[in-house]
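Given next, in structure tokens, is a single chain: the form predicted alone.
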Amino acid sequence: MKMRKGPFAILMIIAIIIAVYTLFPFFMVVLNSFKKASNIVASPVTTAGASFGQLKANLSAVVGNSNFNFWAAFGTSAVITVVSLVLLALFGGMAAWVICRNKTKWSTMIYMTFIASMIIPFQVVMLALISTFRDVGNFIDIKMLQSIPGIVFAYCGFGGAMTVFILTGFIKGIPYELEEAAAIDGCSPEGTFFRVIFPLLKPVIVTVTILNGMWIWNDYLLPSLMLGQNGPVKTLPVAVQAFVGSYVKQWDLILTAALLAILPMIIIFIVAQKQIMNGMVEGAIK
């Protein structure tokens, strides 16, 4: 059924307004990264004073700044994000598979617990989380706070609910006969998961990985609480915040630092947006 031109034009206008409203802050960051601080203050929404040479100078000043320590923060964010995503995909897939294939009241209760945890805001549990991590770390003599393993463990906990929820919906559509055939051929449950189920989860795992990756990479609140703003380990958002505090009036350096922090995830999203949509659609159909 074709949509009439009138309603279609109205929807297009609304979509364009929403897109401009959403992209305008990013446009301001990119545009003003090409300028000096004086040009940003004089004309923040025009191209006056913008040049690639100034962008190169701003990038050199930010990357080489000892207060920012870009490469160390970038490496920390990359390690935390990659390790968290691998563990979420692996253990989330295992949990979703077991929940789907074991139809008991306990599996249903566990699944409902995952669903219920998705509606609890992080701000409600953040103080209790920090206190618990401190007590557990002291009890088992492991530094849970201000350490990469500690924050990876926290991200696995907070990201596990959505991961299990999405993967469970996908696994429900996988024919059980495939697993029965694998068992007849002598495959163990572990072998069935890794050789049969896990390869079939690739489209939806890509979607879950990118969604969780954007959240973990851009997250500021949890790293600032667990790693500390002045701790020895800093993620990129925390390092940017500390850098902003050091250069209150130098908007050219501040906006360039923000651009460096958000650019990796934007590139990944643009490259993988087709896989994201395919994974969401396939999970919805199944």
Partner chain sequence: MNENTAGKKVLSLALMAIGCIGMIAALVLDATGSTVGFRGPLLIIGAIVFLVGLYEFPTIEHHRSIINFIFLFPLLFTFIVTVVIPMILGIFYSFTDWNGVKMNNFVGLNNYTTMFSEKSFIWSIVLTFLFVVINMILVNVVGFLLALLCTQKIKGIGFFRAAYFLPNLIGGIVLGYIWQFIFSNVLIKFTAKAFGLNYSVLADSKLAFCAIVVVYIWQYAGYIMLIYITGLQTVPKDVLEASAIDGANATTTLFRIKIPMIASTITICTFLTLTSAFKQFDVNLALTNGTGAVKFMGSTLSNGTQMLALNIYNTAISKNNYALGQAKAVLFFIILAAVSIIQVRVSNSKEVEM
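Quantities reported herein were computed from a predicted structural model and do not represent experimental measurements. Think of the rigid core as the biggest set of C-alphas that the two forms share within 1.5 Å after superposition. Residue numbers count along the first chain shown, from 1.
One more form of this protein should be noted, the form predicted in complex with the partner chain, which is absent from this view; the next part is about it.
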Please tell me whether the candidate spot formed by F74, V86 and I216 is one where all three residues come within 4.5 Å of the partner chain in the predicted complex (heavy atoms). no
Residue contact check: L227 to the partner chain in the predicted complex, 4.5 Å heavy atom: no
Quick check on G186: any heavy atom within 4.5 Å of the partner chain in the predicted complex? no
Considering only heavy atoms, tell me if F158 and the partner chain come within 4.5 Å of each other in the predicted complex. yes
is_contact(Q146, the partner chain) in the predicted complex, heavy atom dist at most 4.5 Å: no
Identify which of A95, A182, V206, L200 has a heavy atom within 4.5 Å of the partner chain in the predicted complex; exactly one of them does. A95
Who in 18-56 is close to the partner chain in the predicted complex, meaning a heavy atom within 4.5 Å? I18, A19, Y21, T22, L23, F24, P25, F26, M28, V29, N32, I40, V41, A42, P44, V45
Yes/no, K35 Cα shift of 2 Å or more between the shown form and the other one with rigid core fixed: yes
Is it true that G231 shifts between the shown form and the other one by 2 Å or more at the Cα, once the core is aligned? no
Core aligned, does the CA of V45 move at least 2 Å between the shown form and the other one? yes
